[in-house]
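A single chain comes next, written as C-alpha cells; it is the form predicted alone.
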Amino acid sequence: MKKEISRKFCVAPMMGYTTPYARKLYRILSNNSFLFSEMIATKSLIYSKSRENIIDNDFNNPVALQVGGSEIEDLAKASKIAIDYNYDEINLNVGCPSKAVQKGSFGACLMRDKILVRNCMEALQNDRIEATLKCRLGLGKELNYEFFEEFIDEISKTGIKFIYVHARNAILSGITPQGNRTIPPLNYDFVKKIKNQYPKITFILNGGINNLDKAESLLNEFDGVMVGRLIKNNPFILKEVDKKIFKEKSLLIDESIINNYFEYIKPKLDFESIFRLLSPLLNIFFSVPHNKIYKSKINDYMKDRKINLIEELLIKFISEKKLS
C-alpha cells in the first residue's frame, strides 16, 4: 500500500551527488525532507554488479528512486526493484538534457514523444509504489505553453498524482547541462497555470530556488518545492528545513551528528572510494574564503585514507563556523 508522504520540500536528484551516502547525511539532518536518488539508467539498475552500492536505501525514507529509460519492459523491472529496496516512489527523468542521456534515448529528449512517455509511466505504475515524473516546460529556446499543456494532458491520462517541473525549457544542443540549469529562462507562471488546469495532480516546483526563505515563500503558491544546488553546496542548511518548512524544532549540529555519519561510512572504505563517501561534505570546506589550508589538509588525508583525521577536522570546522 502506498504511504501518505509530504513533498513540501524535496532534495533534487543530482548525478554524482545524491548517492546513498549523501542521502544518509541528508536524513540525519532532516527528518521530513523528501529525498531522491541520483538518476540511474534502467540498464544499470537491472544488470549492474555494483547495484547494491548504487541504490542502497538504509532506511532513508521518505525517498524516491529516479530512473532514466524508455524501454517498457525495463521500466517495469525497475519499479519492482524500487519496491524491493523499500523506496516510496519511482520517478522517471524526462528533464536531463545531457548528450549522453540523449544517446541512451531518455531524459528531456523524451518530451518529443508524449505517447511514449505515457506508456513509460504506465509501465512504472503498480499498487505498491508511487510512479511520478520529473520534466521541463518544453524543448528549445522558445517557451510554448500549448506544447507543455498538451504534454501534461497526455501524461495525466495515466492517473499520475505527482509531477516535478523544472520551470525552464531544455536546450538539447549548443549548451552544457550546467548551462541548462541557468541559461533557459525560468517561468513559474507556466507551473501556476498548469496547476490550476489539473487540480488532481500535485505539481512540485524546481529551478532557481537558492535559499530557504524563497522556498518558504513559494510554498504559498505551489504544492511543494524541490532544491538541489543549495543543499549540494551546504547540506547543513537542511537542519533548518524541519523548523522553517515543517514547523518543528531545529536540529542542533554537534559532534554526535558528525560521528553518526562517519560511523555509517567507515565500514564502507573497504569497497568504496573515500571521495565518494566524503563528497557530500567536501563543498562545505571548499566554498569558504581562504580555503587553501582546508583543501590541502583534506587532500592529504584523503590520499592517505585518514578518515578519523577528516572527521576531527569537520568537527573543528563546524564548531568554528558556528554551524550548530
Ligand SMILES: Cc1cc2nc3c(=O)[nH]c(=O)nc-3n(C[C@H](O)[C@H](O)[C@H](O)COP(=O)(O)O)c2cc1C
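Residue numbers here begin at 1 and follow the sequence given. Every value quoted in this text rests on a predicted model; they were computed, and no experiment measured them.
This protein has a second form, the form predicted in complex with the named molecule, left out of what is shown; the following refers to that one.
*Asks:* Quick check on this chain: which one of Leu309, Met302, Ile315, Met15 has a heavy atom within 4.5 Å of the named molecule in the predicted bound form?
*Replies:* Checking each option against the named molecule in the predicted bound form, the one that comes within 4.5 Å is Met15.
*Asks:* Within 4.5 Å, heavy atoms only, which of Lys77, Lys99, Arg229, Lys192 is in contact with the named molecule in the predicted bound form?
*Replies:* That would be Arg229.
*Asks:* Within a 4.5 Å heavy atom cut-off, is Thr132 in contact with the named molecule in the predicted bound form?
*Replies:* Thr132: no contact with the named molecule in the predicted bound form.
*Asks:* How about Gly207: is it within 4.5 Å of the named molecule in the predicted bound form, going by heavy atoms?
*Replies:* Yes, Gly207 lies within 4.5 Å of the named molecule in the predicted bound form.
*Asks:* Even though the partner isn't displayed, in the predicted bound form is Ser33 close enough to the named molecule, meaning a heavy atom within 4.5 Å?
*Replies:* Close contact is absent here: in the predicted bound form, Ser33 is far from the named molecule, nothing within 4.5 Å, heavy atoms only.
*Asks:* With heavy atoms only and a cut-off of 4.5 Å, decide whether Arg181 touches the named molecule in the predicted bound form.
*Replies:* Flag for Arg181 set to yes.
*Asks:* Among 275-283, 35-43, 48-56, 258-266, which stretch sits within 4.5 Å of the named molecule in the predicted bound form, heavy atoms only?
*Replies:* That would be stretch 35-43.
*Asks:* Let me know which residues along 89-107 have a heavy atom within 4.5 Å of the named molecule in the predicted bound form, or say none if there are none.
*Replies:* Only Asn93 sits within 4.5 Å of the partner.
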